[in-house]
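Shown next as structure tokens: one chain only, the form predicted alone.
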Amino acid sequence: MPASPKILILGAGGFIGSHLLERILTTTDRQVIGIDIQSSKIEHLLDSERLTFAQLNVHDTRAVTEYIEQADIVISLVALCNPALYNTIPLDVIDINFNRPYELVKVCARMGKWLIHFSTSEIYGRTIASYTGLSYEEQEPKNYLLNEDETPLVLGPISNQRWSYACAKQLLERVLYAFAFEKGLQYSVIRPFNFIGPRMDFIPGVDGEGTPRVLACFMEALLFHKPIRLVDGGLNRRVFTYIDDAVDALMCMLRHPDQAKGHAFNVGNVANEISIADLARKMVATYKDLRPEFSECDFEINVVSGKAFYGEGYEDSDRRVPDIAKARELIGWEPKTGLDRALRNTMRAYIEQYASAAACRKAC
């Protein structure tokens, strides 16, 4: 019996990478190479005989190429993914999300490796619905439902540098398609829709600096009893997808390589769509349930402008609802985790990790 293909995971020590690595090592017999600059989230996996871990900068193409040669499948999770950076350090955002992974694409094409690239749902930009003037209830699905192969990708003007991330990711997808067309590259693309779960974003002032993504921002406010800030009233809507379901999608691709190659797949749980304002209220209620000692506390929710929160050049997509028919039909993937359970599991992990730091800061 031929050996199972060896997998290389770039970004194995991150949020998605740690869960993917854990799943592969605990449910399959595959050999895995993991590369990352940090390993704190995968310490419990480093003793596995089937894991080779290299503590490297994933953008060091020369060093990483040695490991690409040893693998059959390359999974690239590397990105600079934080809306607070898109219009403040756009050159770094473009460099890390396009220029550097472009070198990886060239290496994989030259060596004949299957490259599974994690893109973003942000490449869709704004929906057609945002230009119609109709209310949320009045919209037709064709104006907001995002299909991998049909939906137009509508980004804002150049001066709105918030789209630097989406544009860089979109262009890299076009490069993948072009390399497949001209050079025979074997590739697949995953477009994530707001993955959440344990081991995700940092908490400012504890284990990171700056502004994390929305769920971590809200958790910081809850843990440290700060006002929750709703950007532009929190009217934008998002689909939140639990990390276990996201990893399920990747495992489906690995089981069905012939069906997965040459395609981009939306990975999101349509049933979990919610406005950011409603997310804030749901998180307050869930937090009080998880921590009854704060059940009588009032958590302030304030509205701030996008300019005040993110700075000049900020603009956002109104809504992101994925059409997941292709993932369902080609690789047999179906999300299973509802928003209540996904949020509860994620928030519980934050509380377990950061509650003591919050208590210490208050005591000090």
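Throughout, we count residues from 1 along the sequence that is shown. In this text the structure is predicted, and so the values were computed from the model without any measurement.
There is also a form predicted together with a small molecule; it is not shown, and the following applies to it.
The contact residue chosen from A71, I116, I94, C81 relative to the small molecule in the predicted bound form is C81, the criterion being a non-hydrogen atom within 4.5 angstroms. Only one of the listed residues (N302, T26, S305, Q38) places a non-hydrogen atom within 4.5 angstroms of the small molecule in the predicted bound form, and that residue is Q38. Contact check at 4.5 Å (heavy atoms) against the small molecule in the predicted bound form: all three of G11, G14 and K169 pass. Of the candidate stretches 325 to 333, 29 to 37, 309 to 317, 44 to 52, only 29 to 37 contains residues with a heavy atom within 4.5 Å of the small molecule in the predicted bound form. Using a 4.5 Å cutoff between non-hydrogen atoms, G234 does not count as a contact of the small molecule in the predicted bound form. Using a 4.5 Å cutoff between non-hydrogen atoms, T120 counts as a contact of the small molecule in the predicted bound form. Proximity of F218 to the small molecule in the predicted bound form: non-hydrogen atoms within 4.5 Å are absent; the residue sits far from the partner. Proximity of P192 to the small molecule in the predicted bound form falls within the 4.5 Å heavy atom cutoff.
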